[in-house]
Every structure is written in C-alpha cells, then in structure tokens.
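To begin, one chain is listed below as structure tokens, in the form predicted alone.
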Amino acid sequence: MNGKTVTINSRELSLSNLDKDMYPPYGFTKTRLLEYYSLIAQFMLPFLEGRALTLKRYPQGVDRDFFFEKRCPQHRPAWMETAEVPYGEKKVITYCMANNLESLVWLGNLASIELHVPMAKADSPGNPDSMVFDLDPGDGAGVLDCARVALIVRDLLSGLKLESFAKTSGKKGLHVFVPLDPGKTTFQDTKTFSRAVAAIMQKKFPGLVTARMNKEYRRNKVFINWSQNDASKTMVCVYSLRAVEKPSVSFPVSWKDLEKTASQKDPGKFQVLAPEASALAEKKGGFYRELLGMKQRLPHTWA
C-alpha cells in the first residue's frame, strides 16, 4: 500500500508514499508516522492551535537530506488555515497552522517529521505566552546533567513564585517552560530575564552550566540557551517526533517523574518513543496542559 485517500472530519486527504521507511533501519514507515500523529493529536493540538508552524521535512527519511519550510506550500488544500505573520522588518510570511486533526495529518503526509512553533501565537507575534530555558548538553555532558540543571532552575523560579514545566527535547536535552500572560509580556522581557537566570546559574555552578553560546565553552557542561526567547526563534512542539535514529518524541515530564528518573541515573529512561507515547500521554500527559491556562507575570525588578 503506497497511497490511499482518507476522509477526516468530512475533508478528503490523499496520502502518498505510505510504505516509505522514515526511520531506517528502525522500520517506522510513513503509515506509522501518520498513525502516531493521529493518536497524539488530542494532546498535541492545543499546543499547535493558533501558532505559525515551521516545518522540518525529511522526504527520504531521517537519514537523508531535510529542509525547513516556513511558507505554507501553495498546493495546500483550501481548508488549510494559515496566518500572515511579519518576518523581519519588511517581509510577511504565510504560515501553515495545525488547528485540527486533518491539518496535522496533511502536514505529516508532507514528511514534516518535526513541527516547530514560536513562543507567541500568530495573532500577537510580539507577545510570548511562555518563556523557555533550552538545556543543551555539550560534549561530555548528557541528559542527566540537564535534569540536574532543570531542577535547580525550577527551584530558582519557584522562589520567585513562578511555576514551570519540563519536557524532553526528544534528543539529548530538556526544555523548561514558564507560562506567562502574553498581554503583559514582551520578548525583551523574556530574553532579559532568561539571560539573567542563565548568567546567575553560570556564576553559581561554573562546573555544570554555561550561558555562553560558543561551543568551546560547553564541554562537560549544560548550555542554557536563553536566546530561544526571541520572536524569530522556534522550539520543537511538545509531542513532536524528532528526526533521530529512533522515532523519539519531545515528551512532557512531571517534576516528580524527572526527579525519580534522574535518581535512577539511566539516561535511556528519558527517551519516549512513538509506539508508547500516546498511551503514556493518556496516563501521565494531561498535567502538562495546565501550562496553557496560566498567565504568570515576570518580576521585572529582579535580575
């Protein structure tokens, strides 16, 4: 079976290359990719809704060439929702939005293995509704080091009465998100605040953390990438697949589970694969949706 037509919510989609192995030699075909996004949609769509998508497409699978696509393809179906969002000072880009299941499946059929979203919704692109600490391990460091840093960041934020949420990157790192009130937050606010936190962490834990972008400073340390808090940047969406050897997922992790997993000192336990992700989301993933309804404010006097 290399192609077929399906109907989702009364909309007809033509699916192609269904036998294509997207994760050689794991054996995860495009059929399984589309099945995954169909199953996880109930959990993922709230985090995609209203956001301008950047697609990361792998037409020949994860071991071959890929490309990023910001502009929504011109051959999109008439029902595909889009957003006109400023890009730079003079450009406006028409982005795809995945506000429903049929849109998500259509994008998956384009071999959009990874879905990346900005920190702000398309109707208010200058006002982020969350701040992120992107924890990226340098050579010699790993996800267990990221977990240690994430817990320290959590405690620091908690002392400032800010609640935070963690997810795996789906690769080697972790992401810590702080939900915010977009009506009272700018990217200047989030970038200034996150950079100050990163600098303080670097000062207090110089053997563990760096806030410097140059790779030579990252060896055996965790880089806190505060620069992701920018209108021009995107982050991989929660529940998105990642283009690595196995169909790994960027997956939510509660602080309790993160502490437990970190104490077991088995980095493999942080990896969640697509075949188990939807069942695990049913069991544990619902807590993460709390992030969407929180409208916290940054303490502007703190730095």
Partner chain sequence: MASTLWIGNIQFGGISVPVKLHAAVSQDRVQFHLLHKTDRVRLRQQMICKLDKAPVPAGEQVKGFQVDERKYVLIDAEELEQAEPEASRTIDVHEFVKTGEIDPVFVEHVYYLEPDASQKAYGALAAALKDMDAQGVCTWVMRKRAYFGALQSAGHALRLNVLRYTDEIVQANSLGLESFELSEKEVGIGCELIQKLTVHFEPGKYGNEHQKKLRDMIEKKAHGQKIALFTPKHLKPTEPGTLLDALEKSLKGAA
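Residue numbers count along the first chain shown, from 1. From a predicted model like this one, the values you see are computed outputs, not experimental measurements.
Below, we refer to the form predicted together with the partner chain, which is not included among the displayed structures.
query: With a 4.5 Å heavy atom cut-off, would you call Arg76 a contact of the partner chain in the model of the complex?
result: Arg76 belongs to the contact set for the partner chain.
- request: Indicate whether Lys56 is a 4.5 Å heavy atom neighbour of the partner chain in the model of the complex.
  value: Contact with the partner chain, yes.
field: Contact flag, Lys30 vs the partner chain in the model of the complex, heavy atom cut 4.5 Å
entry: Outside the cut-off, so no.
message: Even though the partner isn't displayed, in the model of the complex is Ser14 close enough to the partner chain, meaning a heavy atom within 4.5 Å?
response: Although the partner chain is absent here, Ser14 would touch it in the model of the complex, with heavy atoms inside 4.5 Å.
query: If contact means any heavy atom within 4.5 Å, which of 232 to 240, 30 to 38, 245 to 253, 261 to 269 contacts the partner chain in the model of the complex?
result: Result for this chain: 232 to 240.
- prompt: Of 45 to 74, which residues get within 4.5 Å of the partner chain in the model of the complex if you count heavy atoms?
  reply: Contacting residues: Lys56, Phe66, Phe68, Lys70.
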